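Listed next as structure tokens is one chain, alone, in the form predicted alone.
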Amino acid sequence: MEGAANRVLHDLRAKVARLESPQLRARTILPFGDVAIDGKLPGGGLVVGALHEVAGGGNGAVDGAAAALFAAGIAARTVGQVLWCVTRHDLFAAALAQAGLGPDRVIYLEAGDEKSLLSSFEEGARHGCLGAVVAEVSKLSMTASRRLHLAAEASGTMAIAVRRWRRQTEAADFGQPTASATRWRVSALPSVPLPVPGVGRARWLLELIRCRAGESADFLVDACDGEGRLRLSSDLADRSFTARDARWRA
């Protein structure tokens, strides 16, 4: 009995030692490539071995799609395959490709329910051989987010939770505290008019709502290009919050 207890204690100590090893704590940064955005993030970009959250600025499909494309652009700039976990059948692969995430890099996983999706999300983040793991989740508790963050940190994999809701009442969950390193909100804006007939590049209001060891900020950006990169759209980027912007944060 005593021998079994010692083995359990030894295993726990070894696990703690692995989690605290300098190699695992060394953080890789994924910059956006824009000084204004990267300057607001500790280290100059997104921490790769961490959990990040993204949501649409409103409850409509357009803002939800913008949030998914923002996540796709980030995942596209990682190295390796990307696991994308869903519970609904409305993910448009061609749109992800326009954000730089081609179909040859994406492994799609359809879960039967939210519990299975979170389990798959965590396993993917823990795997260690993926460039990024993206999951469309409605609810994310502090406990679940901690498990995801630790799994991402241990494997050095980018984990992105795209928040989606089936009902208006579920949207309030996005305001609850989680263990994510950053929390973003993306709202679709009218594109800049072109000098010739046609549709210009999409624009987004990108809000950095929460940033661990950093400050909140918002940016007016052109949507991700074919390499997943953003571009600041005007000198309105990183402006201070005004009453005019309240409608985007409501």
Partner chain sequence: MARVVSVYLPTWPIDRLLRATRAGAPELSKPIILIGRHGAQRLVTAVNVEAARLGLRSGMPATKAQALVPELVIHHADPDADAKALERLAVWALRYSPVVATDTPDGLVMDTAGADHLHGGESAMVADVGRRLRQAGITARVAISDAWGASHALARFAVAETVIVPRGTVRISVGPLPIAALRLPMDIVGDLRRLGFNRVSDLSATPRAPLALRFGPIVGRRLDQAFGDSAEPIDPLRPADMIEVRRTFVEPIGAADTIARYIGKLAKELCDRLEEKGLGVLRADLVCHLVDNRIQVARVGTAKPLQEVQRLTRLLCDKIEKIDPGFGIEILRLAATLVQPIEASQKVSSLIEASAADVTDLVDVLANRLGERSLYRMAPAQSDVPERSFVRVAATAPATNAKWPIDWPRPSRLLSSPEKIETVALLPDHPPVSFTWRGIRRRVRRADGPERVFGEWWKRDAEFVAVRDYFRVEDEAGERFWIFRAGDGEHAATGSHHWFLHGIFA
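As the structure is a computational prediction, the values presented were derived from the model and not from experiment. Positions refer to the first chain, counted from 1.
A second form of this protein, the form predicted in complex with the partner chain, is not displayed here; the remarks below concern that form.
Within 4.5 angstroms, counting heavy atoms, which one of the listed stretches 47-55, 195-203, 33-41, 209-217 is next to the partner chain in the predicted bound form?
Flagged stretch: 195-203.
Hey, in the predicted bound form, does residue 98 get a heavy atom within 4.5 angstroms of the partner chain?
Judged by the heavy-atom cut-off of 4.5 Å, residue 98 is in contact with the partner chain in the predicted bound form.
Is there a heavy atom of residue 167 lying 4.5 Å or less from a heavy atom of the partner chain in the predicted bound form?
Residue-level check for residue 167: no, no contact with the partner chain.
At the 4.5 Å heavy atom threshold, is residue 107 in contact with the partner chain in the predicted bound form?
Output for residue 107 is yes: heavy atoms within 4.5 Å of the partner chain.
Does the 4.5 Å heavy atom contact test between residue 177 and the partner chain in the predicted bound form come out positive?
Output for residue 177 is no: heavy atoms all beyond 4.5 Å of the partner chain.
Check, residue by residue, if 123, 127 and 130 all come within 4.5 Å of the partner chain in the predicted bound form, counting heavy atoms only.
Looking in the predicted bound form, the three residues 123, 127 and 130 all sit within 4.5 Å of the partner chain (heavy atoms).
Which residues from 165-196 come close to the partner chain in the predicted bound form, meaning a heavy atom within 4.5 Å?
Contacting residues: 188, 189, 190, 191, 193.
How does the C-alpha distance between residue 61 and residue 178 change in the predicted bound form compared with the present structure, closer or farther, given a change of 3 angstroms or more?
Between the C-alphas of residue 178 and residue 61, the gap narrows in the predicted bound form (3 Å or more compared with this form).
Closer or farther apart in the predicted bound form, the C-alpha atoms of residue 201 and residue 62, for a change of 3 Å or more?
It is farther: in the predicted bound form, the C-alpha atoms of residue 201 and residue 62 lie at least 3 Å more apart than they do here.
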